[in-house]
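Just the one chain here, the form predicted on its own, laid out as structure tokens.
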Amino acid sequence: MDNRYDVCVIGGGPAGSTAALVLARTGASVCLVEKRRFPRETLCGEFLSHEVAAALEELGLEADFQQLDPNPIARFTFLPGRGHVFSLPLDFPAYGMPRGKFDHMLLRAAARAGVTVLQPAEVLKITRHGELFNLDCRTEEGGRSLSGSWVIGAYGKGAAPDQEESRHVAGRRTGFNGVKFHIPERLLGTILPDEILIAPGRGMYCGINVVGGGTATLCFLERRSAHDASPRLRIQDLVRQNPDAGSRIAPAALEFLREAPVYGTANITFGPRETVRNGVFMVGDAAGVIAPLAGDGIGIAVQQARLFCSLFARMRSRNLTREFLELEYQRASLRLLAGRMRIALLCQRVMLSRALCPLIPGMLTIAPGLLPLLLRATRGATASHSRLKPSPSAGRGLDSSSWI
């Protein structure tokens, strides 16, 4: 196998696979290094908003996506625990799907486009020599060295390159923990297949939605202390504290959670991060994490990958400099991320506040337009409503001009 590529991508999640796929279709030689073997599950609320639907349509992956039986989601429901339950239709197409299936689909599409995929393999160190980058990797067969003119960091929190660079987010203790369970849909209480539920509890909030194949995702974020109960017991606490949530999480579901696998991440850092460091371009969670309350993490990852590819194509077509790309990507990423992340983080602080969370039902009763306003504010302004339909259709090829 070759060791020299135009672009090396670290991480095979939605951001990394999308960037690798688009770049390979433009003729670049691309190598993607992924730490784990797919399919695999990872922490995620597994909500796919209209940014994702629009990207799949433009990439010609509609048929691949529909073959995985995604669950359409058309309604948002807020369960405050007292007072009125608030529910409203979403004004954009959305779906639920397990991350293992979704990520594997994108990675396979990248491989079909000509991307060299190293999996499982881990990048331990990145060294820059002028315009060339060397990547020291660990694979099942032993050590391997790669080189490329460009490097995209599409990895999550605590990856080896962050530790090596002593990046400011590495090792930070925040107290925010995320947890995900998969539950058989039949074990839940009164939940409609096409709705996503959000329910607050003491120092936490929980989301539930069906993801297809008779499975539902129960995911929650908690502000954790050393004295808090285990993740399984935290859901029992939520049911006791929030009667609305208790009507949707049946005793059979609680019993199932006693033995269900737990997917989790500790010390999550929210907000934008460095988007370029020592010449490495960060996309997805490596560039910033939006509060999961917004349900837009996958959407932002895909959008940011498309943003990089658009600017990269402009740089090459106009013979611009690396410095141009770095500066423009930093500016454009800030416009894409900062406002949405601030709004989502503000909403999260209210949800996790013992003083402010009980006021939410009254606020929504007085100002019923507030909830749809907040939903729109955390969406991507540049992503129009997708024409993606629930039925399979033939994929179409990529028009590279649409990314510029």
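What you see is a predicted model, and the numbers here were worked out from it, not measured in a lab. Note that residue numbering begins at 1 and tracks the sequence as displayed.
The same protein also has a form predicted together with a small molecule, omitted here; what follows describes it.
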- Message: Only one of 307 to 315, 253 to 261, 72 to 80, 279 to 287 has heavy atoms within 4.5 Å of the small molecule in the predicted complex; I'd like to know which.
- Response: 279 to 287
- Task: Tell me, yes or no, whether Ile298 is in contact with the small molecule in the predicted complex, where a contact means a heavy atom of each within 4.5 Å.
- Result: yes
- Message: Against the small molecule in the predicted complex, would Leu90 count as a contact residue? Criterion: heavy atoms within 4.5 Å.
- Response: no
- Query: Is Pro200 a contact residue for the small molecule in the predicted complex, using a 4.5 Å heavy atom cut-off?
  - Reply: no
- Task: Check whether Asp228 has any heavy atom within 4.5 Å of a heavy atom of the small molecule in the predicted complex, and answer yes or no.
- Result: no
- Item | Answer option from Ile183, Ile191, Met105, Cys219, heavy atom within 4.5 Å of the small molecule in the predicted complex | Cys219
- Item | Partner-contacting position among Ala344, Cys31, Ala54, Cys44 - heavy atom within 4.5 Å of the small molecule in the predicted complex | Cys44
- Message: What I'd like checked is whether Gly12, Ala121 and Pro292 together line the small molecule in the predicted complex, meaning each has a non-hydrogen atom within 4.5 Å of it.
- Response: yes
